[in-house]
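Taking the form predicted on its own, here's one chain by itself in structure tokens.
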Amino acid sequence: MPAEPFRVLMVDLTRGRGEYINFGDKNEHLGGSGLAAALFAAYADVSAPALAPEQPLIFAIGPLTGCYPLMSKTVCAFKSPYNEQYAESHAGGRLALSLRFAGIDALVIRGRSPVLSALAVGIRRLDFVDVHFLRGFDVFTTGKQLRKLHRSGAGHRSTLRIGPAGENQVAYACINVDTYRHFGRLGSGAVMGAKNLKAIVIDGGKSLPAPAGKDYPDVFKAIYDQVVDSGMMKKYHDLGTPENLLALNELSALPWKNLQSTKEAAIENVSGEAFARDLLLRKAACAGCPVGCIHVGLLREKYAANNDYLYRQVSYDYEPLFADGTMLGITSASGILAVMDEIERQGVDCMSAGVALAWATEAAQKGAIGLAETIVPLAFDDVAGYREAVRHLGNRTNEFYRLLGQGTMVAAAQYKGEDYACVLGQEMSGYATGEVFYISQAMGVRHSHLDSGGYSYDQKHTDKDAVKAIDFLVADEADRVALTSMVSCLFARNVYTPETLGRALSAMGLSGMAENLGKAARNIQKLRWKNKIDCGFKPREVKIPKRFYEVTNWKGQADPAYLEELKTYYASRIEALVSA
């Protein structure tokens, strides 16, 4: 007998209508990543462009959302304007719980609004609001205006919005979620922009009964105690992921100045410890999380015109500090926050924007581009120049920034700079740890360092056994798919083992899902790859740019033969997964 289906809200922006449908089988699709992939397979047109109105923009939560600690993420799935392939991005904030308490397992948005609009969703509510007056507004100003328009539901409400970059369809424009979280990578913000959708407001005003049965309180307490008291999550609360900066720099694995080097003495000025000592204002948490890993820094700037000061709050963690800091050669902690603040306002992915500007800086140094292209001089550690360049990027001021906004490799191909473009499927993550990481991001289904632990594998293994490495990546991906279908924050992956997930599901009366969890996760893994390959991904044609062979890290330079062996075997495993 099939399990209970999902409750999915289907919204048609063109017609200004929405309806609820029953979809799928919870025991098979689980939720989150699995539900999003199944909805994409059912409603996307893989032959049509990513920004075509009929393409779906999907937001999905999981069966454990709101019921256990750190089950606080939402999965967003779409066809990416960056590479025209299946894409999946995750974000925290209040969104997951707002969807749960609005009675929605997934929200699917199709069509294109006739005017720039905000979509408001809640219990017995579906409104399409004309917000043409917000066109061109930055992310923060948009958020303030939305809170004025939607005063009800404070504390239960989640607000998603895009900035100028999304409206202008920059290929790595992001969706800002509740100010400090994002659907960052691969261009979900551009998809919203193409739909003429400036914002989405989810009002989760419904109450739900606690799961029945005597086991749930005991399982919840065991998980909560492990999260809070065991020390497993201490890193994320204390320094947070910026702790990685010193460690990776010491390992000669931290990208600096467009990956021209992997270690710099200036790290002391921009380490996680320096941020915590000098700029940390407060910590925050996603709804449903007791950890508090969101570190918010205080940016204080003096304006010469009136000798006054302006104070801004900027959230930071490792990835933006690498991409908008060390990758740009910035050696001032406040300078990094200043660049990040402008990136937030424009609504571009912080990692892709930083890596793209790092490439542009080196291209300018080499004479491949000049002021005619960049408008503002670009130089490593020039904070003012980068802030202005980010504004040009978000607004696609000229042909150069239009190309750069399509992806670093698009601009690099035009200006003959492919060799030093730090692109692994998309602009690289901050781990120059070696061959397994390079391959895992370049070929992973999301081109993300979180697809699997390739960066960790490099640090734990010095042998060059391609079969062992790729078998690890494939198995690790399946384990992570189970978590992202629940939907858990991946920081909690050592807490939510398969056994713990099984107990958590069974305590909620989902024993059928618990029994089928491993098999369902492997089927979802296969479906995600099928979606990607159906959209045109060819794993055997993946290329690693020359810069990754040139740079020296703690292991020395990358081994071309080993990289090729990894790529060939990974491609065969992907093909086997899809055809099985």
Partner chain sequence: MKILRAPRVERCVGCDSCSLACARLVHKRISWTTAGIRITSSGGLSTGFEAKICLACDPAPCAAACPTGSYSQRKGGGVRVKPDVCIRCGACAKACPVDAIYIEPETNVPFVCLHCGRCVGFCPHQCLEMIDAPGTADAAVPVTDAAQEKEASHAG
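Since the model is a prediction, treat every value here as computed from it, not as a measurement. Residue numbers count along the first chain shown, from 1.
Separately, the form predicted in complex with its partner chain exists; it is not shown, and the next lines address it.
Annotated contact segment (heavy atom within 4.5 Å of its partner chain in the predicted bound form): 279-287, selected among 166-174, 279-287, 364-372, 492-500. For the options 110, 235, 263, 206, the one in contact with its partner chain in the predicted bound form, meaning a heavy atom within 4.5 Å, is 206. When you look in the predicted bound form, the only residue of 275, 431, 180, 401 with a non-hydrogen atom within 4.5 Å of its partner chain is 180. Of the heavy atoms in residue 53, none are within 4.5 Å of its partner chain in the predicted bound form. For residue 148, no non-hydrogen atom is located within 4.5 Å of its partner chain in the predicted bound form, even though that partner is not displayed. In the predicted bound form, no heavy atom of residue 417 sits within 4.5 Å of its partner chain. Interface residue remark: residue 518 is not counted as part of the site for its partner chain in the predicted bound form, having no heavy atom within 4.5 Å.
The candidate site formed by 438, 453 and 532 is entirely out of contact with its partner chain in the predicted bound form, as no residue has a non-hydrogen atom within 4.5 angstroms of it. Residues of 322-346 that come within 4.5 Å of its partner chain in the predicted bound form, judged by any heavy atom, do not exist; none qualify.
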